[in-house]
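Each of two forms of one protein chain follows alone as structure tokens, named structure 1 and structure 2.
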Structure 1
């Protein structure tokens, strides 16, 4: 067994040297020990079925090729979950077993998904405050903001960020007791406790923790008894300076059929929201997801990522789902990653009205340029030129600002419209106009009028 363990340690080191840090940490960092070896098969324990599936889909052939560089006879790796390992132990004790690290089980009794970390959470303007707040809470639980209340629409990363807090705390102190639970599970646990009159077990589960993470608190609506129990737990944990993190699809003040003394306590600490990511942020999310899905981050051209990000703009979940669909479609059929194949892969997911709206918006770019140049009494060619006179520069900056506001174009795309200007010039121009609007009421009034003329709803 020692021989196989040494080989696995060497392979892990090779993986660490060749893979992106995020990919290595998510997939292989947690796989420490060889579980058993039988019939030339080396068993490794993956933290969960999600990681197991990803290793099998994208890395197993590579692992087996690396393995057989060290052995004279052909061997294979087999990935199993900790649950499957437990079943193997129960069935037989005849195998030579290298028992996993002692705290492995305790780490996964928390309800947490260990792939949710701050490292793979993509930060942008829509979630920066929530991210920073969660980081501070994770660093000083029970001190900075208690409770931390995170709200926003479905699929924007609330659960991911909440679990980042729990995983970070456990990573830095394995003795901390962290519990993540969805609200519907809390309600079900209480119903079972009431049925069996096992309230002590129920209380012990939820009160004997250092960190309580409760997802989708809005589902407590109308559940009076569950609300009363949650109120008691909240009070006890808060008095003991135990950290509470809550997520919801709306601000605490807008929760309905939940007792006011409970919603008021949700507002005691810090409330932060997560909004829909803009186009640049969505592209960054896709790039990060691609790194996690494949060992080749350049597998899909940026033009396809831009295409996906421009279509799927509602939430992160559907955005990532679209990427996976394109990845699977082209890989399964051995097609090239082209816009045409991406369109084919996604055709059943794309709302035709959304596409036609995007096309309509594209045709209106020139309309914006015409309106702005006419308003400032210059020609469109002067607006697009590289002339540096103030009479041209300011309207040009205004045009860039309006294109960004109305169409959520990338800085690169706006730069292309203006004779391939560098994206840093575009960023500076847009920020300059935003600052001018804050300090100059006349300029703000003019630009607000132009926005309405160009299509913004009044």
Structure 2
């Protein structure tokens, strides 16, 4: 039951991220608890029949699709009203939540989501090393790098890549026992075993595996008993050349309140990091996600994918969320896929991103504009203007490049600074300068100097 509640909490969070605030608040905010689960049907209680029927007509398919991303077996949501729930409770004098007993004979549970495959993981410079390392490990588990330790910020593909390893191994040999577990789950399993003082099932689950995938190991922080237990399991598996893959939000050396004999072992094998994807990489990811969402790969024009990729530059999960939001908004209301509609669909997300940009002092930008315009002997207003003479265009492109380099502003934001220019102009300008710097060493050294003047650490 707890498992279903956690999934519902996650789905709710996803909905909150992808729906407009008022839509979310009206339909989903009030649905907190999973009422019961019977025969793979998960019951949720809506406040009234009006909301129940709105959810059923507009959102239920989507909810079910989201649900099945979390569970290996097909499950469905069912929405009932408060009154229906009250009736049910009245009928059963001692109300019991009815979760089917897990079938003991049922096949070995891996915890894997089989949609995470190498095929749909898009490779670029930010993740190439992690990807090739994971491939090698999947090809020869226990041999090339043990443990494989993958780290990086949230939403950059660690879980996806780790699960690729498990899915690949099972696909090639169904007899291999793979176990994917989130660190939270490990801690919970251990606590349950300790409470009952019965460790058999626990040990069986974690020690009788060929491949152990442990996600988000940073959550072991401060959990001394679980760490000791994990240490024992680690030693056992490692000794018998069973493959271990670990993910974390930081390098092993920076883990906090985790005993050093564990963190040092994490460094025994191979540590690889995943970084933020660049613009081209983000566009490729969007194309791949679009392929998975729809049968028509040209449904959304490229200019809109560029637009989404230029704004959501931080995290692949957000990027994917933005795409789904645009898809949903335009298909649900039968709108054309235009920049204006995409902007409307993403309004709330973009606004909340701008708030964080505001924390950057605007005086910093002005400083850059002053330095660049005086370097090229033009006025700041010419720099910001739409005048197309070469003497203005080049310095303008240079200042856009510097703003991106130093402040990592979104293309949209830079466009706004320059008299509301379109984000595509900004992307073009920055690429132009990056090219110039590759082929023209004089320009490169000029711009490098300017970067330092504007505050880049030499």
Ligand code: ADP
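Each form is matched to the other, and the largest set of C-alpha atoms that superpose within 1.5 Å is called the rigid core. Bear in mind that the values here come from a model prediction, so they are computed numbers and not experimental data. Numbering follows the first chain given and starts at 1.
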Among the two displayed forms of the chain, which is the form predicted on its own? 1
After the core is overlaid between structure 1 and structure 2, has the C-alpha of residue 75 moved by 2 angstroms or more? yes
Relative to the superposed rigid core, does the CA atom of residue 386 travel 2 Å or more between structure 1 and structure 2? yes
Core-superposed CA shift of residue 20 between structure 1 and structure 2, in Å, is 31.7
